[in-house]
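The chain below stands alone and is given in C-alpha cells; this is the form predicted alone.
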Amino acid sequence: MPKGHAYGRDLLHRWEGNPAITVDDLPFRANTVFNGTPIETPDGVYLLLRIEGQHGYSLFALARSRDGLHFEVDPKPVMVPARKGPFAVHETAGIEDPRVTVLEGTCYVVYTAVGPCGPRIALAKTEDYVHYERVAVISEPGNKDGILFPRKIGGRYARLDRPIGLGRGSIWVSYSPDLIHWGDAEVVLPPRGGYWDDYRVGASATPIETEQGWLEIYHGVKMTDSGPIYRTGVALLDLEDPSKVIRRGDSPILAPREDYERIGDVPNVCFACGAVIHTEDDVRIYYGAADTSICIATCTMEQLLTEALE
C-alpha cells in the first residue's frame, strides 16, 4: 500500500479493484447496492449490505470474503422490512444503512427504519449474521446514522446518532442503561460553516478506541448549486467523555473523484460505513459510492491519527 500521496489528492488510497461490489455481483434482481457495514469473523470479513430493490425500498443482504477484498453475496437477502408485528409500522418504506458493533460478545446492528413519520433508529442482533432478531426502536422520528460504541462508558452504553434540527444535522452522543432507553444527549460534531462539512455530518464507522481517544470516521455534506457532495473525515473524541472533541480534521480524507463516485443514483458521494484494522499499516475503510456500489480505500492507523490530531 502506498505510504504517501501527491498533494491535492486524498489521504486514502483507493483499492485498484474498485468498485468491489456492484448490482451485477448480486445473485438476485435489484436496483443498487451500497453502504455495507463490515463484520470481522473467524472466516474473514463479511459485509452487511444495503440493497435497494427494484420495488424502491431497501433491505439487507450478506457478502462474504476471505481476504476482505473479493466478496461473494449470499443467494437471498438476510433481513427485509417487517410486514407484521410491532416493527412493521416503522419499516413501511424500508430498512437502511446498517452499522455493526460487537459489544459484550454480541453482534448488534443499528439501522434506520423508515416509516410514514420519517426515519427512526432501530436495533437488532444476530448470532450467525444470517438471522436477525429485532430488539427495539430506539429513537424518535427524524434520526439516522446511529452507531454503538464497542464498550460501556461510565457504566452505560453509548451511541452516536444524527437527529435533524432546523434542516441541518449534527452528530450527538447519548447514553443508555439497557440499549433500549436513551437520554442525556449532547452535541458532539456540528456542521462547520465554510468547510467541506458545512451542511450535515453523521457518524460513519464504529468508533475505534486508541490511546489518544475514540477515532471516529464520519461523513460530511456540503450543499452546492448542483446538489450535495458527500465526503469522509475524521475526528478524535475523549475516551471517557465522547462529547469532548480532542481534535477534528480540517480536510476530508476521501472525496468523490472517480467516475464510480461521481455517477450513480446519487452523484458525488463517498459515504464511509465501516473500517477494519487488517494491520496497523493497512486500515481498510468500506464506503458507498454514488449510492450505487461498494468500494474500499486504505491507509495506515498512523495516517488517520495524524490527520485527526494535526
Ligand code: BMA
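Numbers for residues come from their place in the sequence shown, where the first is 1. Just so it is clear, the model here is predicted, and its values are computed rather than measured.
One more form of this protein should be noted, the form predicted in complex with beta-D-mannopyranose (BMA), which is absent from this view; the next part is about it.
- Remark: Tyr230 counts among the residues lining beta-D-mannopyranose (BMA) in the predicted bound form, judged by a heavy atom distance of 4.5 Å or less.
- By the criterion of a heavy atom within 4.5 Å, Leu59 is excluded from the residues contacting beta-D-mannopyranose (BMA) in the predicted bound form.
- Contact annotation: Asp25 falls outside 4.5 Å of beta-D-mannopyranose (BMA) in the predicted bound form, judged by heavy atom distances.
- Although the partner is absent from this view, Asp10 stays clear of beta-D-mannopyranose (BMA) in the predicted bound form, with no non-hydrogen atom inside 4.5 angstroms.
- Looking at 237-245, 279-287, 32-40, 251-259, the stretch with residues near beta-D-mannopyranose (BMA) in the predicted bound form, meaning non-hydrogen atoms within 4.5 angstroms, turns out to be 32-40.
- This chain is drawn without beta-D-mannopyranose (BMA); in the predicted bound form, the residue among Val45, Ala275, Ile51, Val269 with a heavy atom within 4.5 Å of it is Val269.
- Though beta-D-mannopyranose (BMA) is absent from this view, in the predicted bound form it lies within 4.5 Å of a heavy atom of just one residue from Asp197, Glu216, Asp97, Asp161, which is Asp97.
- Along 282-310, a non-hydrogen atom within 4.5 Å of beta-D-mannopyranose (BMA) in the predicted bound form is carried only by Asp291.
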